[in-house]
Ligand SMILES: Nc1ncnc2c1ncn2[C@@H]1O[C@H](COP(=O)(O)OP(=O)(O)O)[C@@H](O)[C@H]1O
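Next up: a single chain in structure tokens, the form predicted on its own.
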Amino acid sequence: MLLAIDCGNTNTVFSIWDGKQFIATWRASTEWQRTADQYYVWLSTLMRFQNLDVTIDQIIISSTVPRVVFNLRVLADRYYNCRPWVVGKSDCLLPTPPRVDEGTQVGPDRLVNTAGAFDRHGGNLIVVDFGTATTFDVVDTDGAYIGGVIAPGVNLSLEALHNAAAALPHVDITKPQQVVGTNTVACMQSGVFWGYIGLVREICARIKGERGVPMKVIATGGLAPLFQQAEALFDAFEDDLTMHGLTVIHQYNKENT
């Protein structure tokens, strides 16, 4: 059994893969102070709760928070007696290495999304990930990550408005009933919602124009369906793209190391 771990800036997802499908998935807030012992108690309790009697003997990790990786490595060594693959480290191979400026360190989440998207959709892709940041990953014909765009995340933008302007409240993102808001909350929601519709459409159009080839736009992240309902921005939505990418990279390493 494989334990796939995707550690983002806000949440960390743990999924158990039996070789054909994910049989369990859990989510926790990302806290670098959490110890290996705490991870194990939390995971083993959830497994018992779901009556999962499995033996985890392989682990793969993608983390955008470097300080978390140490305790996840200890978790793998102490409780599962295995050495984890960590995406972005030299001993974790990629199906196709990225082609970027020399010395550039590509975020593990972007490498994983690239691998997952290419496995499902082939090359010439734009992967839009609505996370803490909104990222655009460009996938070449052979599956290589060749660059992209990073923009502030939707919720990050809302938090910035709330924190920087004393008179503006905290609001949740939703599709407004009309563009012109008639109260403060509606004005903020309209600005962020339609602003991101425009941001996604414009950036994707410019990437396609720069590349000069037909490209599919693949979306992932919790807020992608909200934007897709308003406008036909994406060719496909993959809610498990990152976790699928981890299984692709894991399989590649099993076969080539």
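Keep in mind that what you see is a predicted model, and the values were worked out from it rather than measured. The numbering used is simple: start at 1 and walk along the sequence shown.
The following text describes the form predicted in complex with the ligand, which does not appear among the structures shown.
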Q) Where does the ligand sit in the predicted complex: which of 124-132, 82-90, 67-75, 176-184, heavy atoms within 4.5 Å? A) 124-132
Q | Contact label in the predicted complex: T96 to the ligand, heavy atom within 4.5 Å | A | no
Q) Applying a 4.5 Å heavy atom distance criterion, does T25 contact the ligand in the predicted complex? A) no
Q) Hey, in the predicted complex, is G222 touching the ligand, heavy atoms inside 4.5 Å? A) yes
Q: Would you confirm whether the three residues G8, N11 and N155 all fall within 4.5 Å of the ligand in the predicted complex, going by non-hydrogen atoms?
A: yes
